[in-house]
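Quick heads-up: it's one chain on its own, the form predicted on its own, in structure tokens.
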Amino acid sequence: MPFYSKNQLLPKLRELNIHLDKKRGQCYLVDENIANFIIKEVEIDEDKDFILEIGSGLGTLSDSLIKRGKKVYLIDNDEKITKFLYNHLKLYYKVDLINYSSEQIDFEQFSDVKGIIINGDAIKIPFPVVTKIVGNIPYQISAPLIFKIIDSWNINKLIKCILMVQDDFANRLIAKVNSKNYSRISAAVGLYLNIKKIKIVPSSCFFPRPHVTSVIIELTAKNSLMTDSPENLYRKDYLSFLRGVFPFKNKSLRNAISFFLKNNEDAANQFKYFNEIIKNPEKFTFINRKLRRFSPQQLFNLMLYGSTGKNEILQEFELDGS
């Protein structure tokens, strides 16, 4: 797969009748040095690595990934692009093309192929079991994708993700407690993932040129994703809790939880032990603090109390003065 500079990219897009939509954050990397840097950071082991590339585009990274990895899955939502990738890659590797609708994909049936190209929405497609995830992620799907990665992280397989995202989005991921950018995604990432900015990528490296700066980030798992940790066992519950309370992050914890339970009958049944602290704000004074002042671990512990009713959790809050 040739690397397309800006001058080479424009005629190729015209040839394929592809029209980029800047409103959807569609742009192509046209700096080969950055592409080579990303491949280097992935640290591909040709004997072990099953790699998922999200948003493969015209194959800026795909060819290097499929050449070096044991098996590669490529996802793109543009049918013209996936057909182009398939027609090119099948000349050199054994590959298959899937048009995803809504059915579960049996990835085991493709055990003898080097690459699987999937046309569809990366947020809806069930992820295969892989060791590495790579992608240049449009802003519009950045948050849903991170939540999906957290929700589906397989600690026994997935080693790391190397993603290119907008710099302001990366700052949301690593936002400190009680800061302006502290949000639901900060609280989710803060509990489960290590985030490291590894390279700033200026807008001049893309076409069309965006009005923002991008950054390459590395995601690795924290111990909270270990199989037998409480944080892992209650992972889906915690993510559901964050989704319900963070629209009210500037409210008191008591009000945020009250609104959450009032608006969600299933949550009221699932987190029934919250009623004890909601009804006793004088006794449990920490519940009067604003939600955004609670760390990811504190929020998890609160969620765990709401679900299990273990009193020692509340005692910890009282002892530390929270």
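We number the residues from 1 along the sequence you see. All values reported here derive from a predicted model rather than from experimental measurement.
In what follows, reference is made to the form predicted together with ligand SAH, a form of this protein that is not presented.
Novice: Report the residue, out of I149, L97, V212, I81, that has at least one non-hydrogen atom within 4.5 angstroms of ligand SAH in the model of the complex.
Specialist: Only one option qualifies, and that one is I81.
Novice: Between the options I75, I185, V165, C161, which residue brings a heavy atom to within 4.5 Å of ligand SAH in the model of the complex?
Specialist: Going through each option in turn, the one that passes is I75.
Novice: Please name which of the stretches 292-300, 44-52, 274-282, 27-35 has residues with heavy atoms lying within 4.5 Å of ligand SAH in the model of the complex.
Specialist: Contact criterion met by 27-35 only.
Novice: Even though the partner isn't displayed, in the model of the complex is G69 close enough to ligand SAH, meaning a heavy atom within 4.5 Å?
Specialist: The answer is no: G69 has no heavy atom within 4.5 Å of ligand SAH.
Novice: So in the model of the complex, does any heavy atom of I141 sit within 4.5 Å of ligand SAH?
Specialist: Heavy-atom contact with ligand SAH at 4.5 Å: present for I141.
Novice: Answer with yes or no whether G120 is in contact with ligand SAH in the model of the complex, where contact means some heavy atom within 4.5 Å.
Specialist: It does: once ligand SAH is placed as it appears in the model of the complex, G120 has a heavy atom within 4.5 Å of it.
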